[in-house]
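One chain follows as structure tokens, the form predicted alone.
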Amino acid sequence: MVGRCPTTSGTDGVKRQSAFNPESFSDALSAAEAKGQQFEQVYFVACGASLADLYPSRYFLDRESRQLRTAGYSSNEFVHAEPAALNHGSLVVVCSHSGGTAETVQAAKLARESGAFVVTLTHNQQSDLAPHSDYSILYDWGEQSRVDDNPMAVALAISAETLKRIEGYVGYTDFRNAMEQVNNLVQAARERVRGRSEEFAAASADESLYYVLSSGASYGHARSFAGSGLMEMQWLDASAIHTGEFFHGPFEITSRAKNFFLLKNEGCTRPLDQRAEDFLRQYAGQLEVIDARQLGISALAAGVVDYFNPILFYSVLCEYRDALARVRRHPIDTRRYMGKVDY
């Protein structure tokens, strides 16, 4: 089944095509249940940045679900270390931007052969991934796309609909309202940081090492920004650290010669991030704090705001990544190995 793309009104009043249709997806789950599938576990499977896009969804279900077992896997590990509980009671969400990542296609194939209900997300209409799915979503991408039609938000919407369908979700109305608000909020935040990101890049042109800290639903994107935005796209040394773990070993590397990004969340884990910020302001060298509260995310309902922090951070950090690329004269699509050699 291919998810329909209904025309709806955005918060700006403009008619648009949505990448995800909640009613269509709920109907698909209902049809699967009518055939005897009773969902007990949800697996999120992808590679690289796509896996990071799924992280907030797993975090959401871990916190909100009383019944569902959840897990996240890099695609090749899912194939070679198949979870024993993978069966007809599993819902498996699989994402590949290109739709052709070999490990991810194989993971979707394995999941479907195991009897799971497989949901695939891709930006490629002719993908190799979609044929191995029970429900396929073609998401939007690019500078002109809305963030709620991008994979991180679409996957989060899948999780909210799944939770609502299987056991109910008291925060559902607040969640849907936040999903309608988040695009305009993120676009305003990008405008606010653009000049600041350029100043940061100009001051950092000769730096070669960064630590990226965050917590909660945003930790997956901290890892992605380090691994993809800095290591892959800029060939810079980088490492992600959870702020809750920072004081249990990693903080010993702190010095005036080290550089840090701190993605400061709004919501439950903000005290973890604040503790790290207080320490780093005293002992670190360059510290760039990207504070979701200061960028306006508190406009979203307190009960769901935790899950929307990483959607904001992704777009804001694109401004920093692109500014660094311009100053360093290193285009973000430059590669030494990816797609160039056998691996």
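Bear in mind that the values here come from a model prediction, so they are computed numbers and not experimental data. Residue numbers run from 1 along the displayed sequence.
Absent from the display: the form predicted in complex with a further copy of the same chain. The rest refers to it.
For the candidate spot formed by Arg69, Ala84 and Gly244, every residue has a non-hydrogen atom within 4.5 angstroms of a further copy of the same chain in the model of the complex. The stretch among 72 to 80, 119 to 127, 181 to 189, 141 to 149 whose residues place heavy atoms within 4.5 Å of a further copy of the same chain in the model of the complex is 72 to 80. Note on contacts: among Ile166, Ala201, Leu272, Leu110, the single residue with a heavy atom within 4.5 Å of a further copy of the same chain in the model of the complex is Leu272. When a further copy of the same chain is considered in the model of the complex, only one residue from Phe261, Tyr219, Tyr135, Phe225 comes within 4.5 Å through any heavy atom, namely Tyr219. Although the partner is absent here, Pro250 sits close enough that one of its heavy atoms falls within 4.5 Å of a further copy of the same chain in the model of the complex. Using a 4.5 angstroms limit between non-hydrogen atoms, Asp237 touches a further copy of the same chain in the model of the complex. Contact between Leu295 and a further copy of the same chain in the model of the complex is not found at the 4.5 Å heavy atom cutoff. With a 4.5 Å cutoff on heavy atoms, Cys268 counts as touching a further copy of the same chain in the model of the complex.
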